[in-house]
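Below are two forms of the same protein chain, given as structure tokens: structure 1, then structure 2.
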Structure 1
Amino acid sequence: MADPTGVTVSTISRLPKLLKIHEAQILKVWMDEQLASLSRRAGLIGDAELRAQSKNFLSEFHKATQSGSLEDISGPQWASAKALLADICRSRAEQGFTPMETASFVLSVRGPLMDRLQQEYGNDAAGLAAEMRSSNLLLDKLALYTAEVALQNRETIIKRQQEEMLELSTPVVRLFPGVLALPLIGTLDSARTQIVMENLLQKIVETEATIAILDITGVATVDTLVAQHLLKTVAAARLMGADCIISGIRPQIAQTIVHLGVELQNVATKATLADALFLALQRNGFSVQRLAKESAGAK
């Protein structure tokens, strides 16, 4: 946009000079407003960290505006400011801030800046209007950039948490020397099957187990895809020298497997984990006997 002389607004902007002279005062007003805001989440970020982020952003904002480019934040002059915002986004995403709340951090400096601009321009309404329009557009672009980066960070955190939950939801338990158990709960999809395989195979190597029990008592439904995932896990365990027993076959699941025509390829199946453990001990040459009451009492 140009003024009557034909000079662009960004060229004659007083914002860089204003920030240089009044940066400390703007920071103070901005911090006071943030600390007093009803939407402030003090439980997520301390006053000292908030002050440091505000001071660093205002400093980088000032440096970037000195280039005279207030319309395009994609240039190298804005690289440092955007890098700082990206760091703030990562930090706040870890702390639990939403992308909207993180973007609001940038927008919250608008008030102190506009107040200072009004004092700077005085009765020059045309100059003030042009400057405020330019500054508002600049802050909006930075806020949109911040929201985008914050959203990406939040998605990354959610994905990482999902992976961690998958690992925690597939524990491999050593029931007896040479016998492992892998209780499965919930949905068994491709991603989780891969984790199941990795955990099971690693445990087979560590314990030199010869039998692995896959307990599907906690699996709500078994369809063709779930059955295929189970067979892949069984095949992988066999390649490592361990046989598999599938336990937790409820009547409904048995009917579903038969209806689907799924072949379990000579895989032993049992109704309960206890039955599967009993079979595993037999295969390893152990026998289970009930102690006589007299013997039990003597002990």
Structure 2
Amino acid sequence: MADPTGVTVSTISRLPKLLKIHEAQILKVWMDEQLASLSRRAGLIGDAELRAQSKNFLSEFHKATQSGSLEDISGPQWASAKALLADICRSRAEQGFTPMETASFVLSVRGPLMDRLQQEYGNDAAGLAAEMRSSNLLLDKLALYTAEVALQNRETIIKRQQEEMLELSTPVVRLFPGVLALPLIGTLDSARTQIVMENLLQKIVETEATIAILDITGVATVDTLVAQHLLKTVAAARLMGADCIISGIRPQIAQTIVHLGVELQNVATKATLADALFLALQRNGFSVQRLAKESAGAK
């Protein structure tokens, strides 16, 4: 913002100069304040890490104010200060800070900076007001930027967890030689069904299973899309040489499917997983018998 003609001298910020001369003092006051206000969440971040982050931020902030605009943080001079903030966001997200708490890191430097400006300007009220105004706007912009990055990080983390859940929640269980079961839980959207189907087909090949039980006890809603996914899975399994049984169809779901008009005619259906296993064993030539003598003896 330095104007070579010297005409707008009064608008030249003294912020860079202050940061340079008083960096150590500002850092000390800022650290004290942060430690005091962070005390309740002290477990989340170590003092040494907080000090390093604060020191680095002040130094990047100083560099950026020296060469870059104080009104616009989108220029290349602000890139490395912003990269540092993004880094801090990442580690704070892992530590469990909320996006607002992370953004308040930037806002909390306001106090120490304003104190310094006040001392610097002394009786020059107009100069101080102008400088405070521009510094405040600048800090607001950096805080908003931080909040935005922190929110994005949070969304990324949630997405990743969802993806991990997808994989976790689609186990294929071997119930008996030749019999696989797939307990389906939650929402059967397209992404998840794809994973489910691939898992199942792979297991059918690996185990040479001839029967696969798709258990929908844990599926809240069976609409046409879910039905279509189920039918596709059944058809694909059949191509791999395995017949499917759909189990866990609760009475209210059965009625709804009928009204919907979905036909599961070519698929065996059973009310419970136990019934389905029983049918699977029968089909594979096994029969289940109670050993009368021994079970009586055991009691």
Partner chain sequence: MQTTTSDRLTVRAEEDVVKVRQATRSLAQKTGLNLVDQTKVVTAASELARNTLVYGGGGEVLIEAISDGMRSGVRLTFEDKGPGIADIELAMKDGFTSGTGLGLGLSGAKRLANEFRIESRLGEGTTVVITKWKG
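Values in this document were obtained by computation on a predicted structure and should not be read as measured data. Counting starts at 1 with the first residue of structure 1 and goes up one by one along its sequence. By rigid core we mean the largest C-alpha set that fits within 1.5 Å across both forms.
Student: Which of these two, 1 or 2, is the form predicted on its own?
Tutor: Number 1 is right.
Student: By the 2 angstroms cut-off, has the C-alpha of V205 moved between structure 1 and structure 2 once the rigid core is superposed?
Tutor: The answer is yes; the displacement is at least 2 Å.
Student: Is Q282 displaced by at least 2 Å at its C-alpha between structure 1 and structure 2 when the rigid core is overlaid?
Tutor: Result for Q282: yes, a 2 Å-plus shift.
Student: Comparing between structure 1 and structure 2 on the rigid core, is the C-alpha shift at L58 2 Å or larger?
Tutor: No, shifts by less than 2 Å.
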